[in-house]
Structures are given as C-alpha cells and as structure tokens.
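Below, in structure tokens: the form predicted alone, a single chain.
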C-alpha cells in the first residue's frame, strides 16, 4: 500500500487549454493516506473517472505530478505503479475457473504456489466465492463475475492502491449492500488504500471514511460523511447529498446583518460576515434541522408526505418554499406552522461557498 499525493494536479483533453472550462480536472492538491478508504462522488461528467485514471496511470496529467510514498510516478505506466483497478463491467477470463481467475495476477508475479493458494482461499472466503472456485466463469451471473473482478484486485498483497470505477453498476440492487459490506470487511482486514468512484451518495457515504465530492471538474469538499452532511462547504454538496437536499434561500446584507427577506419577518444569520465582493448570498439549512415549533417565523403548510418512518412537510415562508423532515409522530396543524432556524445548522453561502 502507498500514500498517494497529487501535487497541483490538473488535466485537460484540449491540446492548448486557455480557460477553466477547458479542464476536465481543475487544479487540485491532495494526499490519499496509506490504508485509507475514500470515495470520489459526483454526477456524470464531473471529472471522477479522469481523477481515477490519473492516479492509475491510464492518463498522464497536463499539469502537476503524482507521487507514491514520495516517489514520482507521473510518467510511469499502470503496471509500473503497481495499481489494481476494478471497472464498471467485469474484467475476467470466461474460459478459466474462478480459482484460476483469482490466481492469475499472483502467478504473473511468480509467487510460490502455496502462497497463491492461501491468498486465493482468503479472498474467496471474504467474497463468498468458495463454492464456485472450481467452476468456469462463463456460466456465472453478472454479480458473481463482478465479485471475481473485485477479487482479482484484492488478491494482490503488494498492491500500492486499489481503484474501483463504479463497480456495482451492473449488480442487482438488493445485492449492492452485501458487496459494500464485503468491501468494508476486506478493507478492515487487509488495510488496502481504496479509492471508490460512484455517483451514488449511499454507496459513497456507507463505504468511505472520507468522501471527495466533485462538481464541474472541481473538488468542492473533502470530508467525513458527518462533515458533508452537517457543514456542506458548497451549495452543490448541500443539495447533492441528502434526501431531500438542503433548503437554499436568497439573502441580502441589511444594516450589517445578513437577512432573508420575508414579509412581516426576516430570517437573520448572526455572527458571520460575507465577503464584500460576493455577487450572491444564500442561507442554507437541511430539512432535518429546520424546526417546526410553537413560535418563530409563520409559514403556510402546502403538503405533507408520509414516508413510513418520517414525514416531509413542504411549507411556504413568504415567497420561499422549504422542506422540513419530521418524525412520524410529530403533531402538525393542517395549514399553518412556525419555523425555527437553529444557529448551529443555519449556514451562509457566498457565491455558492460556505462562509465560516
């Protein structure tokens, strides 16, 4: 395993990039610690796969460099970097048995037969492939084949890092949580450096110790699932993570205070000073933290959706529509309510970025 460092890395598929829009990955400096479990999260086209391919060596960066444990690998091939990569679709040999597929990367490195058998057995047991070891891969299901593909990456004990590029896309939904659980077990047992690309927030938040959120080629936040949820550093993180996403309200500076203008009552944000040159100010609060109380800012209730173990109340505060997430047994009037904005969870954003 290795500590992977990206030194002022950027990449463009344009021969002579002249503007930020020409870059698939904007300038980024980050260290993936040895033995860490990370997720790269974002929508399609945000730069996740470009980032992964730069780490693996499939793509050479336009700018910056990459080091593994302080060794510059920027110009090295994937084989020279000793990287294992698991792709969206299974990469296996259909004519081989499951055991031979798992053993192939180890035999290529001419490891002793006893070590190969032991490692294959350990990984097969972890992924529940033991009953299939003697079967040819050709007749197996898509999820079984993807388990083999994942096992081929995990079986190598000396690998610098294992990269997963949306590996559960072809897996039946009810099996996804099982494979995520298996990956966490593998990480805890073998302590590989794992980087997992996904557009699915549930996959990212349940798998990773830290999540790298990307948007339009930028890394907009790196943090634990709790940090991303409680203190989104960018409005994109606020509405991309969470279901439903963060409520955002346009704000103004009035008399030195930040306010959301509502007829008859203004929502104020205390203790923060926005940058003087900000073009757009927004107040953000997650539906989980927006309180419906006995007093506060009066709002009209538009609809209430019962989702089994909780309810979603859509309310109108002046001209602004907000969503509050409520406990199933929380009493609620038919048409009117009062809202509170707890200071700890009410955030101010200037030009989409969090004001500390």
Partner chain sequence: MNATSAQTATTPVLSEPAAARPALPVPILALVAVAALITAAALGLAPFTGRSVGGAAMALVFAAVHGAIAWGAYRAVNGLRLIYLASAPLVAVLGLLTGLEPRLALAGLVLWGVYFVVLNQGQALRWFGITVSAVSVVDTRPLDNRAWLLVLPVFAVVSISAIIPLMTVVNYSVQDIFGPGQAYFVGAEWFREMLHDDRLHGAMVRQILFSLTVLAIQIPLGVAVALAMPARGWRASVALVLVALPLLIPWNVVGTIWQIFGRPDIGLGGWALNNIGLDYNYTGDPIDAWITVVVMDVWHWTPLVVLLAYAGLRAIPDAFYQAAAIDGASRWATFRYIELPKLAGVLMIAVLLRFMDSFMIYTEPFVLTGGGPGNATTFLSIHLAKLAIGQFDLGPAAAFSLIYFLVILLFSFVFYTVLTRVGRGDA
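All figures in this text were calculated on a predicted structure; none of them were measured in a lab. Throughout, rigid core stands for the largest set of C-alpha atoms superposing within 1.5 Å between the two forms. Residue numbers count along the first chain shown, from 1.
Separately, the form predicted together with its partner chain exists; it is not shown, and the next lines address it.
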Worksheet item: If you check 224, 95, 243, 202 against its partner chain in the predicted complex, which one has a heavy atom within 4.5 Å?
Response: 95
Item to complete: Could you spot which one of 146, 85, 193, 235 gets a heavy atom to within 4.5 Å of its partner chain in the predicted complex?
Response: 85
Practice prompt. Please check if residue 286 has a heavy atom lying within 4.5 Å of any heavy atom of its partner chain in the predicted complex.
Written response: no
Worksheet item: Is there a heavy atom of residue 187 no more than 4.5 Å from a heavy atom of its partner chain in the predicted complex?
Response: no
Discussion item. Is it the case that residue 274, even though its partner is missing from this view, gets within 4.5 Å of its partner chain in the predicted complex, heavy atoms only?
Written reply: no
Discussion item. Test of understanding: in the predicted complex, would residue 91 fall inside 4.5 Å of its partner chain by heavy atoms?
Written reply: yes
Item to complete: Have a look at 250 to 258, 122 to 130, 168 to 176, 104 to 112 and name the one stretch with heavy atoms inside 4.5 Å of its partner chain in the predicted complex.
Response: 104 to 112
Fill in: Whether 269, 340 and 347 all lie within 4.5 angstroms of its partner chain in the predicted complex by heavy atom
no
Item to complete: Taking only heavy atoms into account, state which residues of 151 to 167 are within 4.5 Å of its partner chain in the predicted complex, ordered by sequence.
Response: 152, 156
Worksheet item: 2 Å or more on the CA of residue 190 between the shown form and the other one, with the rigid core superposed, yes or no?
Response: no
Practice prompt. Could you tell me whether the Cα atom of residue 108 shifts by at least 2 Å between the shown form and the other one after core superposition?
Written response: yes
Discussion item. Taking 2 Å as the cut-off, check whether the CA of residue 97 shifts that much or more between the shown form and the other one after a rigid core fit.
Written reply: yes
